[in-house]
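Taken one at a time, structure 1 and structure 2 that follow are two forms of one protein chain, written as structure tokens.
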Structure 1
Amino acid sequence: MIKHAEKIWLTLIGLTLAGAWLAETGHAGWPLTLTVAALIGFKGMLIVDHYMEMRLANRRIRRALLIFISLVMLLVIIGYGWGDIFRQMTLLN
């Protein structure tokens, strides 16, 4: 019988493989970017709540971790949508 932690672990592996498969499709676009951001958020929440056991911890610590996950998701979206602008801004020439 598979225990709860093992189910979460298998889910995380499945989501990681799904993300790798999506990356290999080569179909860049907003749907893919938003899907990857959602996968990052879902995986992050699973890790914070189940492996780090932050559901029962101090709310401030859990909130800080969830804000970090949200920032990573936001950076993925910004990187796709406005990556060329940031690249142009950071050129040395």
Structure 2
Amino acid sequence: MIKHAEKIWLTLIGLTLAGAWLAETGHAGWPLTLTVAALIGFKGMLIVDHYMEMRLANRRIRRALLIFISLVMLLVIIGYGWGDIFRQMTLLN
């Protein structure tokens, strides 16, 4: 029987290989952007909750970590769909 830590490790490895396959296909667009955001979120949560054992730990620390990961996912989505917002906000003239 595969133990808990091994299951998490195998899942992370599988998702990484899926990401690498995506990179090799050279796809672009919304499906890729949303998949990447989901991969970052899911893999990040697996490490935070299981590798770092935050699932049953201090709720404030866990919440702060999940906010960081959510912000990155948001950046990925906004960066693709509404990248012009970043451009407009950072024009020097």
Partner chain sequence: MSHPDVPETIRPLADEPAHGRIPGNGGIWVGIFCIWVEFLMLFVVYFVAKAHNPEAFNSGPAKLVTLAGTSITLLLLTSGYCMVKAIEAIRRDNQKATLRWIIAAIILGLGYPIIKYFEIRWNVAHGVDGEAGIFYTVYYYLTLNHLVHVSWALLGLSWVGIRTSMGFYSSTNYRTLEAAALFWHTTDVIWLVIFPFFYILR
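Fair warning: this is a prediction, and the values are worked out from it, not measured in the lab. Please note that residue numbering is based on structure 1, beginning with 1 at the start of its sequence. By rigid core we mean the largest C-alpha set that fits within 1.5 Å across both forms.
> Do you think the form predicted alone is shown as structure 1, or as structure 2?
Replying inline: That would be structure 1, which is the form predicted alone.
>> Given a superposition on the rigid core, I'd like a yes or no on whether residue 18 shifts its C-alpha by 2 Å or more between structure 1 and structure 2.
In response: Moves: no, less than 2 Å.
>> Please state whether residue 9 has a C-alpha shift of 2 Å or more between structure 1 and structure 2, with the rigid core used for the fit.
In response: No, shifts by less than 2 Å.
>> After superposing on the rigid core, what is the C-alpha displacement of residue 88 between structure 1 and structure 2, in Å?
In response: For residue 88, the C-alpha ends up 8.1 Å from its position in the other form.
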